[in-house]
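Single chain ahead, by itself, as structure tokens, in the form predicted alone.
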Amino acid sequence: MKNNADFHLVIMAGGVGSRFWPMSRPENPKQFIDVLGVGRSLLQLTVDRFGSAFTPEHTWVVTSEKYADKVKEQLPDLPESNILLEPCMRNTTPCIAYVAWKIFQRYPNATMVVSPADHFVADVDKFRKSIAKGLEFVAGQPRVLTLGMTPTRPDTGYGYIQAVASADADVLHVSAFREKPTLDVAKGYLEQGGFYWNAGIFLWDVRTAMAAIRHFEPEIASVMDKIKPSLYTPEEQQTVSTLFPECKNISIDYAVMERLAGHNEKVDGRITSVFVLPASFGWSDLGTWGSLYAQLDKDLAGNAVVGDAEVSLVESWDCMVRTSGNVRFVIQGLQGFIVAEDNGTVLICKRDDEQRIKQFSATLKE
């Protein structure tokens, strides 16, 4: 994919990754960690996979105020003005609104792709081809596009996108967004066909993004309008810190995508629709230890180990082991367990119980 002066990459990097405790903690969440043991953090891998199509000047990271130094350290080529700092968590709609208003100020004809900072992609070449096609589809058009991952199993950990045919054979109309289903419902989705995992990657022209947010969430747009005069000035951060907390806490899925699904909406005088581009490039949201386990190489006993420590697994099968530091491990007699160590804190729990990790972590005083 060639660089285009009007293409902008927006990376959302403000989450805390609490399901990856104890490796991921509020002071150092998973997007800034070398989760895969490859020498690059998830944030750095996200920038890497988009390649040279987006220059540092056209790459934007939205994160928490407390992570500013981490972003600067990990992405030293990124202009400081392109690191947008939220004073508090308000979900993805205010996040996207802030960066859209800022991009528009200097690049009114921009087309942007919005991506989480902490996902995994196995086939980068296929990923880039999907992004290139998506940008071409939305550039200068009143269209919203999301990437839909072709499901490989009836997964209950992802939201789903239901789609129907459109005039473009490769791009489908979205008829509905579905919440994370039960296993039986997920099986039904795969049997019926036309359902895709929601990867949370969105592509749209910046004017369309702003107009859609103004149309569906006028109060958030009003806050951004108040922030607008301070953008690119020394007063920007103080203004954002003061006004941003007034924004509603709402995801872009609820605020815009679900409201557009299944019909055309007249937004800012233009008919706007939401589409999905089906894709298959080995995607995972890396939301849990189990999803990380699925991406790692295993030994003959099904054990996956990542980290610097020496680990000996004896009579153990199907375990996920993640270590840090110089601690040495001998693990005997475990089957289907997570063993995770970080700075002296050790988690040992059944892989089947990983959804309870927040509960387990609450039993310790940090």
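Predicted model only: the values in this text are computed from it and were never measured. When you see a residue number, it is the position in the sequence shown, counting from 1.
If you look for the form predicted in complex with another copy of the chain, you will not find it shown, but the lines that follow are about it.
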* Does the 4.5 Å heavy atom contact test between residue 20 and another copy of the chain in the model of the complex come out positive? -> no
* **Contact of residue 50 with another copy of the chain in the model of the complex (heavy atom, 4.5 Å)** => no
* Do residue 40 and another copy of the chain share at least one heavy atom pair within 4.5 Å in the model of the complex? -> no
* Asked: If you check in the model of the complex, is residue 345 within 4.5 Å of another copy of the chain, heavy atoms only?
  -> yes
* Just give me the single entry in 33, 331, 68, 304 that has a non-hydrogen atom within 4.5 angstroms of another copy of the chain in the model of the complex. => 331
* Three residues, 75, 81 and 133; all within 4.5 Å of another copy of the chain in the model of the complex via heavy atoms? -> no
* Have a look at 40-48, 295-303, 335-343, 60-68 and name the one stretch with heavy atoms inside 4.5 Å of another copy of the chain in the model of the complex. => 335-343
* To do: May I ask you to list the residues of 304-328 that have any heavy atom within 4.5 angstroms of another copy of the chain in the model of the complex, in sequence order?
  => 310, 312, 314, 315, 326, 327, 328
